[in-house]
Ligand SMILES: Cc1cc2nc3c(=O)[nH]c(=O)nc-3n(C[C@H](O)[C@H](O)[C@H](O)COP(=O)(O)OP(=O)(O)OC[C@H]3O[C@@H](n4cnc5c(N)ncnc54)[C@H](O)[C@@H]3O)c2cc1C
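Just one chain is shown here, as structure tokens, and it is the form predicted on its own.
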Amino acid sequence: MPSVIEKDALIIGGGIAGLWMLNRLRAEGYDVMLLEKNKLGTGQTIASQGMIHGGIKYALNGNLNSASEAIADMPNHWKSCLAGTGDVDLTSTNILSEHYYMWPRNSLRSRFNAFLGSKALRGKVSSVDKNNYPDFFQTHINGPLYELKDIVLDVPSLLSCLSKNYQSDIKLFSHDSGWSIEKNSAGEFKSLLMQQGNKIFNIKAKQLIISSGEGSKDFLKAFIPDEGLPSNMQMQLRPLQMVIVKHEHRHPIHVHCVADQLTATPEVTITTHKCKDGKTAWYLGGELAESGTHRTQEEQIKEAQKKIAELFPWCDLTNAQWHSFFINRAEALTIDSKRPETASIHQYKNISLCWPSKLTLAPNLGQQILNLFHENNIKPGIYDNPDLSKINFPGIADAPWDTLP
């Protein structure tokens, strides 16, 4: 006979979104279980650059859209959590940089783009005096440099921080062992039947929360195989080809390099990370990563080498190791297939399909799921559940630069 487990909510997916929702719901007294099929953060979360930004990258053309407005106050929200005064305690998270910079390339158009962005987000961007330039830029650039009220976090330490308080509620869920979904007479989610080794568990929950990114389709198809997915439950994929440069340069940089074209995406977005082998990794995103999906890995690395040489001619990367990899961003489907501008929850009966849209908006998604529970009058229950200590904790995913050959 299966061991029956009863919960107020069952969360599928252990990225930042799922873990943030777990923290918010548990703090409100809800009994919640989170299942992850790999290590926590595997996929989109661990592939992110760890930037908590206030929307400047969406305002480089001078226009404030709902994306830039939605995340304008997110850095302050995260900072309060990092200080231990917010709705989730992140005090043990490693902060890689308290500041982020925006540097226009040496052309009038790129400077104009940066100027527009700084004006659109007045009060959140400030010009840096040359005497206060970061060491990496000292004596090397003459043009303007802007400081943003953004921060960069070490994602593995963020995952560890979000999971440590409720580690007993987070379980490894192996798809290979077999699973199925049961519905009640109203066609709502009733339970998830899963096998772990020689043990079978029947997990019942009032609400099923799916935040597993690209893997969400597996659960949705298992639940709605015949009638087809409603349009509000469908996803879109936007691929990236990220680049990693491992080297021994001693000065870290965290910067948006603004393109010459009038665009809402920085030409290159760079964050700096310490590797387990003692080396330093530059992690390259932005337009380079977006346009790189049409290149082979060899072509993408050559393009990155060319661009970095143009941007930083004073920086010797002769002995650097260059790598690239592809990653899909799974998002809520939009009418025009463009990037969703806000975090969103799409409801089907008692299933919530959750999309944070970007790392920065995870707190917004957490508040939305809490509001949903209150609006639906879902009350915390008291359950007599079996011992679950034999189901393993998934562990934390390694950063991309620590998994290279």
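Just count from 1 along the sequence shown to find any residue number. Note that this is a predicted model, so its numbers are computed, not measured.
This protein has a second form, the form predicted in complex with this ligand, left out of what is shown; the following refers to that one.
Of the candidate stretches 345 to 353, 332 to 340, 29 to 37, 374 to 382, only 29 to 37 contains residues with a heavy atom within 4.5 Å of this ligand in the model of the complex. Though the partner is left out of this view, Gly213 does reach within 4.5 Å of this ligand in the model of the complex, counting heavy atoms only. This ligand in the model of the complex comes within 4.5 Å of a heavy atom belonging to Met242. None of the heavy atoms of Thr265 is located within 4.5 Å of this ligand in the model of the complex. Of the heavy atoms in Asn364, none are within 4.5 Å of this ligand in the model of the complex. Put simply, of Phe173, Trp282, Trp103, Phe189 only one has a heavy atom within 4.5 Å of this ligand in the model of the complex, and it is Phe173. Every residue in the set Gly13, Ser48 and Met51 has a non-hydrogen atom no more than 4.5 Å from this ligand in the model of the complex. Applying a 4.5 Å heavy atom cutoff to this ligand in the model of the complex picks out Pro356, Ser357, Lys358, Leu359, Thr360 from 348 to 363, in order along the sequence.
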